[in-house]
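Only one chain is included here, represented as structure tokens and corresponding to the form predicted alone.
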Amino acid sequence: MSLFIKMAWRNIWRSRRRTLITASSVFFAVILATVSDSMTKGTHQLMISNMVKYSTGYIQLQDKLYDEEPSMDNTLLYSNDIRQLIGGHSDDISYTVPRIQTFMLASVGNTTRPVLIQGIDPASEVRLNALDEDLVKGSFLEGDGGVLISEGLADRLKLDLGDTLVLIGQGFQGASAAGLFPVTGIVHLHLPQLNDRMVYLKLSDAQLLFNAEDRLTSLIITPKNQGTEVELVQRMKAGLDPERFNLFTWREMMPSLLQGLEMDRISGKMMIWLLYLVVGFGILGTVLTMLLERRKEFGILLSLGMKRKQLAIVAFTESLLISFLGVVAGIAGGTPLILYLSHHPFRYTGDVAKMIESYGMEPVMPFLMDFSVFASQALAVLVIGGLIALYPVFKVYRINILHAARS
């Protein structure tokens, strides 16, 4: 086999220009495909990560009625039964994040806006999303009675540290919920739709505001090993009363987002395969030219006693080597590029950034540095090259020795 590879390697460089042109087309196709795939996967990963960190968490425990009617009346009583359930799966659970969440009206002077209130335990919350690292100014819910507001909301309501925010809404079982809260901190959230409306309170302050002592809208459960959410939920459901509680994974809570990402992934794959189709025709053109130019050579080799099987192996290896050269060069050129882009993602500015934010996305173009990005593109090109390389094999077995040797 090594002899056949040496022969094939020597043969492809007999026409150096043609080999370099074909390998270059594969090289640029692999780089474009890996960059495109890396950007798509990076964008999807960022969107899911932001939604999990700031919104759903990995697993949520809720009252049975809360999913159909998310109101304060359907909050979850954080009872000993729930604590025992969490304790019974302590080997699989890293930590829990209690939250109480609802909509209220926020008023400053003559300006009123609907806002999303989230009562949190600061220590647990930062373990999930490192929210304290996104602090723009002020403190992260130190002391009692203050609020942490998102940067976009602060701009819209013209609020700064020390200003007073009026919150008005409805609490548990129809109780009125209203209070005056000083702004003690401003935070920048990476989800634009949350950055324009988010208000954080300490969990104890929120429960007092809503007259909902020991109650939560959801308890977020973070598994020790990401990717084991489904198995953990199935085990935990065995100890839950299905008439009282719901347990959801993040995938079950974001079906529309996942559907949109899947459609985007499919459209991206179609563009990549269209690119590979063009490259495939380029490789096929090279193979056809090679066969036409070397028809007489093949006939002479066969007439001198070379077996068709051996000649077919050499011809197949030649075609595959050209694709392999382009793939290796493409991966070698694409790796440092994607590595750099993964650490220095491009951020949009101006009108483009505003347009992207209007769709609820962070105005950034992230890239994912992952082995699967390179492996999938390399495999795709080699499969295409291998299929095209079967054509010279077919022609070798069909060649007429006398006609080829005389041509």
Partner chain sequence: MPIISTQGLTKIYNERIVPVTALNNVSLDFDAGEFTAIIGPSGSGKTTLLNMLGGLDKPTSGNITINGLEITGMKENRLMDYRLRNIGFVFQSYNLIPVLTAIENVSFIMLLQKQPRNVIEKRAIELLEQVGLSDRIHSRPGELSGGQQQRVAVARALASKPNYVLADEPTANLDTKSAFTLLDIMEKLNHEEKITLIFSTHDQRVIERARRVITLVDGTVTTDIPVEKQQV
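Nothing here was measured: the structure is a model prediction, and the numbers come from that model. Residue numbers count along the first chain shown, from 1.
Keep in mind the form predicted in complex with its partner chain is missing from the figure; the text below concerns it.
Contact annotation: of the candidates Gln310, Ser71, Thr112, Ser124, the single residue with a non-hydrogen atom within 4.5 angstroms of its partner chain in the model of the complex is Gln310. Here is the short version: of Val230, Ile300, Met271, Leu277, the single residue with a heavy atom within 4.5 Å of its partner chain in the model of the complex is Ile300. Residue contact with its partner chain in the model of the complex: Met306 places a heavy atom within 4.5 Å of it. Although the partner is absent here, Lys395 lies well away from its partner chain in the model of the complex, with no heavy atom inside 4.5 Å. Using a 4.5 angstroms limit between non-hydrogen atoms, Ser25 is distant from its partner chain in the model of the complex. Using a 4.5 angstroms threshold between heavy atoms, Thr19 stays clear of its partner chain in the model of the complex. Between 204 to 212, 291 to 299, 243 to 251, 319 to 327, the stretch whose residues reach within 4.5 angstroms of its partner chain in the model of the complex through a non-hydrogen atom is 291 to 299. Using a 4.5 Å heavy atom cutoff, none of Leu131, Leu135 and Ala353 lies near its partner chain in the model of the complex. Interface residues of 231 to 261, taken as those with a heavy atom within 4.5 Å of its partner chain in the model of the complex (partner not displayed), are absent.
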